[in-house]
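Only one chain is given next, in C-alpha cells, and it is the form predicted alone.
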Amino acid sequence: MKKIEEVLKDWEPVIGLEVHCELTKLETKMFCGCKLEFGAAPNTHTCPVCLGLPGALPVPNKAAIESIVLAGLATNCDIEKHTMFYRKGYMYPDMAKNFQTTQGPKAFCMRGHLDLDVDEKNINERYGVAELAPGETFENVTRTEDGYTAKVGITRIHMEEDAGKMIHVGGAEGRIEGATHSLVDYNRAGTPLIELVTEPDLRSPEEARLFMEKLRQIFLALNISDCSMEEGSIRADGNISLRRRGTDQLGTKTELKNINSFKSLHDGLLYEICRQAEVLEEGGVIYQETRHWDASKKRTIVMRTKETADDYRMFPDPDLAPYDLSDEFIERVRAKLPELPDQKVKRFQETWSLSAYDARHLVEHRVTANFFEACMETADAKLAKPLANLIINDLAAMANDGLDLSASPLSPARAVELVGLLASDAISSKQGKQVLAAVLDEDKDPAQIVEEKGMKQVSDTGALEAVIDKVLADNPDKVAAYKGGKTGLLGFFVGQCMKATRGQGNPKLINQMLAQKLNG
C-alpha cells in the first residue's frame, strides 16, 4: 500500500467519531437501583428491570442526567429542555430485553464543538496546512506558530444504557470467530452511558486521536467517569471514508468498532485510509461495513455489514415519559462546572508565562498538571519554564512507563531543588539527568546527591581559565587549524577541558571562554 503522504495528495479522508463513555462515578444503573461495580462476580448486580422481565418499569437516574448536562456544557453544546427516550431493536444475547433504551434525533446535548491544537510535527497528516501562514484559515483550521487549531463540531451527546459483556471461549484472542461457546455477564447491562457523535470534520488520524484524548481530559475533570480505556469505560468507533481532492461528495464509509486506546484509534484509521485508497485506485468498491482493528497484525478485518437506522426500528419508549429540563436545573448543573482543560492551559500561560505548547502538554494528564502546580506553590516564577521542561520531557514519559508521580521519591520540593541546581549552573543538564535518576533510585534530596557524588559543576572562571590555557598550549597544531577556518574543532577543545575537569566544568562557560580566546 501507498504511504499516507502519497495517499493524501489525491484523496481527502473524512472522519467522524462516536465516543462512548460509561458514567462509572455513579452508584447505580441508568434505569434501576442495581449497583455499578467493575469486576464483580458475573450476574450478581441484576434485577427485573435491567433484565427486561415482563412488568418491570424503568425509572431514570437523575444523577446520570446531571452528568450528561455537565458533559454538554463542557463541550459547548446547547442543552435541549425537552427530549425523550427511545427503544432501539437490539437482538443480541448481551441485552436480555432485546432492545436498548437510548435517545432519538433530539438528545439532551446538541450542536457543540471542541477546538483541537495540533503540534507542528503532526501537520503533514492534514493536507495543505504546512503551506498556510500563521493566522491564515482554511476550512475549519487556523494555522498557528507551532501547528494549527481545528474546530470540530459535535452533533449531539445522547444518553443510553450499556449492554452486558460477552466472553467467547475457544476462539482466537477471545473473538466469536472459532469460539466453541459464549458466556454472558449482565452486570454491565443498564450501565449509564453517554455517546458523543462528532460532525465529519476530522481529516487526519492525529486529529481523531487528539479529539478523543481531549474529551477524556474533560470527562476526568468533570469527575463523571474513570475513563479507563483498559476496562472499556471509554471507547470509540471511527467512521472513515475517502473522496477525491476537490470534490464534495462523500464516499462510502466503514466503521472501526470499539477502539480502546489512542494509538489503536490513530493506527487503525491510518491503515484504513491507505487500504481504501488502494481499493479505489484499483477500481474496487468500498462497502459500508464494520471492521475490527487487529493491533497484532496491524490491519483491519471485516466484522459485519453495517446496519442502517431502519434496521433498529426505533420508537419512543412507552414506559418512559418525555423529559423536561428546567432553566433552574440547567443553571444548577452549570454552577458545578470545574476548571476545564482549556481554561487551565490559559491560566498556566497567563500566570507563569508558559508557551501554549508547554501549557497544553502539562495539562494533557491531570497528574502532570497537578505536579506542576504543586511545584509552583514554592518555586520562583522564573523556574516555571525549566520545571515545565522537566515534567514534559522526563517525568511524563516515566509516568507513561508506570511511575506514580504522586507517590514517587521525586516530590515537588525535590523537583524545584533539582531545577534550581540546573538554573544556577551548579550542575550540567547531563548531570541533571543523573541526579534525577539517583533521586528516584536512592530517595535522597538532589543537593545531597550532588554533594555525595562530587558532581558540583566548576564555574570559577579563574580555575577554568587555567584549564583552558593548558589545553590550548598542549594542542598548538589544532589551535592553528581552528584559526585557519576549521571552527568545528571547538568541540574538541571543549571535550578536552571537560576531561581535564573530570566532567565537572561548566560546559556553557567553557564554550564562551574558549570562543573568546580562540577568536580574540
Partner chain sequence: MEFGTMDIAAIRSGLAAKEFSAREVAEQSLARIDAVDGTVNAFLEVTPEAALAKADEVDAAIAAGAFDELGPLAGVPVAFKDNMNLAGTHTACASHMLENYVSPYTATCVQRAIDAGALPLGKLNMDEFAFGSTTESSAFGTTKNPWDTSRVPGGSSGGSAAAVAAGMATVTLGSDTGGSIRQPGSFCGVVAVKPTYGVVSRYGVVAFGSSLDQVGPFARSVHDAALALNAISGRDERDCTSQDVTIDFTRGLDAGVSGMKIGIVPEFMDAAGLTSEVKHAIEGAAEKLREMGAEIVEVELPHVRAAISAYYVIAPCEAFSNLSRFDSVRYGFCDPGHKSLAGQYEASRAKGFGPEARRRIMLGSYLLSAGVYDKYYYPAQQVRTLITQDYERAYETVDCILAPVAPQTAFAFGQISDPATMYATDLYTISINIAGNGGMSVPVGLGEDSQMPVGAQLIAPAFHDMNMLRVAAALEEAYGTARVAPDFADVKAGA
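Residue numbers count along the first chain shown, from 1. Bear in mind the structure is a predicted one, so any value in this text is a computation, not a measurement.
Omitted from view is the form predicted in complex with the partner chain, to which the following refers.
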### Summary
The stretch from 22 to 30, 488 to 496, 464 to 472, 46 to 54 that lies within 4.5 Å of the partner chain in the predicted complex, judged by heavy atoms, is 46 to 54
### Query
Taking heavy atoms and a 4.5 Å cut-off, does P60 contact the partner chain in the predicted complex?
yes
### Message
Taking the partner chain as it sits in the predicted complex, is N98 in contact with it (heavy atom to heavy atom, 4.5 Å or less)?
### Response
yes
### Query
Are any of the heavy atoms in R87 no more than 4.5 Å from a heavy atom of the partner chain in the predicted complex?
yes
### 4.5 Å heavy atom contact, Y186 and the partner chain in the predicted complex
yes
### Message
I need to confirm a contact call. Of K263, H82, H181, R313, which residue comes within 4.5 Å of the partner chain in the predicted complex, counting heavy atoms only?
### Response
R313
### Task
Go through P93, P409, G104, G251 and name the one with a heavy atom inside 4.5 Å of the partner chain in the predicted complex.
P93
### Task
Would you give me the residues of 316 to 334 that have any heavy atom within 4.5 Å of the partner chain in the predicted complex, in order from first to last?
P316, P318, D319, L320
